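Just one chain follows, in the form predicted on its own, and it is written as structure tokens.
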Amino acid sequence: MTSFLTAFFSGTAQGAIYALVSLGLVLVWRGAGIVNFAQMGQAMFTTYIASQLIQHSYSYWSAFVIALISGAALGALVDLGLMRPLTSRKNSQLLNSQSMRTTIPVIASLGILGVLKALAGIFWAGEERGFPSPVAPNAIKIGSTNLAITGFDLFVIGVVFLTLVLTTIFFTKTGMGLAMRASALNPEVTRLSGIKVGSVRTLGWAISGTASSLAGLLVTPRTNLSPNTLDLLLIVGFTAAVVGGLTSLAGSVLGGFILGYVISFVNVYSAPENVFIAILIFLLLALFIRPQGILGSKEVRRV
């Protein structure tokens, strides 16, 4: 029973972080039709910023907030400075093909990832460093009994739960959130309704950058921070987005938690080296049973 509870709570905490990464990927995909492989590079860079601020005697929470703001600004900058000019170019033979219009931004995102890693090497010499936790990572005690959950697990779950609640309220109760949903469903009709689709798209990139920065801040206390630390997180987050459905925000969150439980239970009941095999098998089964994702919608073509 103890092993089960350990796997469950650990999987919930891990799944919460994967849900954030997956949510960020789906936000950009729905708004711009781009898989942003630079997302965790952005998270790595802003986490280094937070780490540097803490080393210069800033409080954890000040660095935390500045990192989130930096993530939003970096996400918006990527869209305004590269992705939007790249996808809106006219009279380009290379972009006349639909396949190339889809492929080139993905290649550009990989280029941004390389640039961010290079900048981390320039500014911080690619230094591998620890990152503090705002709460003790020890198991919670009730009397003389150690519970199968740590204070940091509760912190991660609480922060992500609050983030998901605020995100839900934003997308269902605010005008800008409804505009983002409308833009994702039908950008042409949204544009004709007087909504600035370009601004809405940039806001999606900014929110995605904030979500990825938050994921980086929550995962690095368990690992050391380096330019390559978050690469695996991107792979799992993308898998979660595919499993949950690239067109569904709720599906992305669900996929993140499912992957968290899969990884945690394999770690506890099998062996860590079997995690990647388990992820691959689960992904193949999900694509075979429901290719559009658990909550994804099928693409309908009119002829």
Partner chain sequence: MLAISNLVTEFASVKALNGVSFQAKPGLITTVIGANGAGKSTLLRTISGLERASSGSIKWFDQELTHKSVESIVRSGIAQVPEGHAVISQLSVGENIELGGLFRKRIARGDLAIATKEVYELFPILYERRNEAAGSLSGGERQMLAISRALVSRPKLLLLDEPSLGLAPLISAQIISIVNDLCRATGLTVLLVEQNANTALAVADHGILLALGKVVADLPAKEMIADSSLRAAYLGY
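This one's a predicted model, so the numbers in the text were calculated from it and none came from an experiment. Residue numbers count along the first chain shown, from 1.
The same protein also has a form predicted in complex with its partner chain, omitted here; what follows describes it.
Please identify the residue among 73, 164, 154, 178 with any heavy atom within 4.5 Å of its partner chain in the predicted bound form. In short, 178.
Just one of 195, 140, 135, 77 has a heavy atom within 4.5 angstroms of its partner chain in the predicted bound form, so which one? Of the listed residues, the single hit is 195.
Given a 4.5 Å cut-off on heavy atoms, tell me which of 217-225, 202-210, 155-163, 184-192 is the interface stretch with its partner chain in the predicted bound form. Contact-bearing stretch, as computed: 184-192.
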